[in-house]
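Only one chain is shown below, in structure tokens, and it's the form predicted on its own.
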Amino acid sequence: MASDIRPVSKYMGRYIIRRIGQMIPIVFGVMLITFILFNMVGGSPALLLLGRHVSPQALEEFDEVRGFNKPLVFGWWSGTRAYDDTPFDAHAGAWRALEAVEHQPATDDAPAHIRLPSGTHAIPLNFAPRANTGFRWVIEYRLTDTGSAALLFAEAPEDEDPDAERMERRVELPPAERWSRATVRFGSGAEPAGLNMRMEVAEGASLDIRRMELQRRANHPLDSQFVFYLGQIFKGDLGYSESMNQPIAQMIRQGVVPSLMLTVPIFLIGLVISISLSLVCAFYRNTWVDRSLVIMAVALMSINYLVWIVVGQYLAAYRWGWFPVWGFESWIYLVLPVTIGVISGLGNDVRFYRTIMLDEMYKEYVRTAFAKGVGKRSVLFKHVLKNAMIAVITNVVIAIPFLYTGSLLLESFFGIPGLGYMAVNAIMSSDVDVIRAIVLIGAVLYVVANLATDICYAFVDPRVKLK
């Protein structure tokens, strides 16, 4: 026995260090994928949480606090809600408020755009852009007639003296008979920019604009949403829940205990019962006992999880009054949901572990043991169960990280204030930060569980070497 343990302990430290080094890029990739899913694919978190009827300035302030107004991963420029970058495909967007502006639908010769006739036109800003920040206009335009156009705005002097008078700045747009692109940079100084911002078109000319975008400048290329998110994670800051009005880290600390009080008993009781029944199936294989247990397992697998919850609550809690229907005040409130959790998962586990045990029973070493006169019980417990531990450990250890997330249905139906109940509320209220934090922690725990699985392999199987 000592000869088996010594190689494991000898290489254990080096193996763990090497695996941790491999886990770092994996965890980083998990963070990147989680970030992209919730920040890019899911749409604007501000719109999801605050709704579409909130003012653009309130949305901008929300983005400012959480870093959502920075470049996504890398770059110098990002959007701002100070101006609506509405495409002109269907209408003139915010420019509709100006009577002189005409919307031109798309034709074979030109894309949809707006036309500014000669005169001075105020740019429809939602609010003044943020102070002490650099901005730029990106304009795709053409001058349809001989003439000129210019962008006018008030800009603070370079010394940024708050008492200094703002200077009128005029930026001419180069003449362009075809669609061209111009970039106009400006700084807001100590006071907000955007004061008296106008587009001036010379007499006898008209200006066509097919795209006009206002962008803000980041402090440096790494001043991005992803870096901001990584900084929060490394500081242990998982974000702030707007729906619950408290830090997410605090919510997880409060919810993980009720979740574990529910899932750990379900996991342990279900594991012991399912392995025991699978050994019984292997012991009495091809008899009425084995067939009866298989029929029971298939029947349990065929009944929907939700049916167990509804029937259990109605009969055991409501009609018979054996258990409380709702709440989390003492251990008695967990008996019914734990029982339902064990029963609902028993069928699948028994079928899985029975397959493993029977697969071992038909191997050569078992026949050899029987040929040597070893008893059936000794073969089952000393040989079959021991050699089946690789598959058992794989199934068990990989399931452990998900215990912390609780059970969404059980916690929701029984009013248990765990992480599953919290996740359901976060989904219903579009609280993206809460969902993202739960997914991230679960993914990291899953990676750690894979390392623990490999280490357990080395202890139960001497053939596995940690090298």
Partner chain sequence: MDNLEQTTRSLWGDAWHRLRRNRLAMICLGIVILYTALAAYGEVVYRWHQWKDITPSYQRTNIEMQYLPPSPFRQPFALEGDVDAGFGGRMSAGLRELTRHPLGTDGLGRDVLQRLIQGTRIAYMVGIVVSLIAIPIGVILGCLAGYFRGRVDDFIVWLYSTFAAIPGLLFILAIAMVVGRGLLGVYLGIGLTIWVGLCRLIRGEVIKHGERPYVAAAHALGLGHTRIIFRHILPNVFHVVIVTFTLMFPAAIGTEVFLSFLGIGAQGEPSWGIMISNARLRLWHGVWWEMAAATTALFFIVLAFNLLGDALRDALDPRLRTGRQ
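Everything numeric in this text was worked out from a predicted model, so none of it was measured. Numbering follows the first chain given and starts at 1.
What comes next is about the form predicted in complex with the partner chain, which is not displayed.
Though the partner chain is absent from this view, in the predicted complex it lies within 4.5 Å of a heavy atom of just one residue from 439, 399, 58, 47, which is 439.
Of the listed positions (371, 268, 299, 332), a single one reaches within 4.5 angstroms of the partner chain by any non-hydrogen atom in the predicted complex, namely 299. Checking 278 to 286, 99 to 107, 312 to 320, 196 to 204 against the partner chain in the predicted complex, the stretch whose residues place heavy atoms within 4.5 Å of it is 312 to 320. The closest heavy atom approach of residue 62 to the partner chain in the predicted complex falls outside 4.5 Å. None of the heavy atoms of residue 54 is located within 4.5 Å of the partner chain in the predicted complex. Contact annotation: residue 25 falls within 4.5 Å of the partner chain in the predicted complex, judged by heavy atom distances. In the predicted complex, residue 325 approaches the partner chain with a heavy atom inside 4.5 Å. The putative spot formed by 16, 384 and 391 is not touched by the partner chain in the predicted complex; no residue has a non-hydrogen atom within 4.5 angstroms of it. Within 4.5 angstroms of the partner chain in the predicted complex, the stretch 226 to 240 places no non-hydrogen atom at all.
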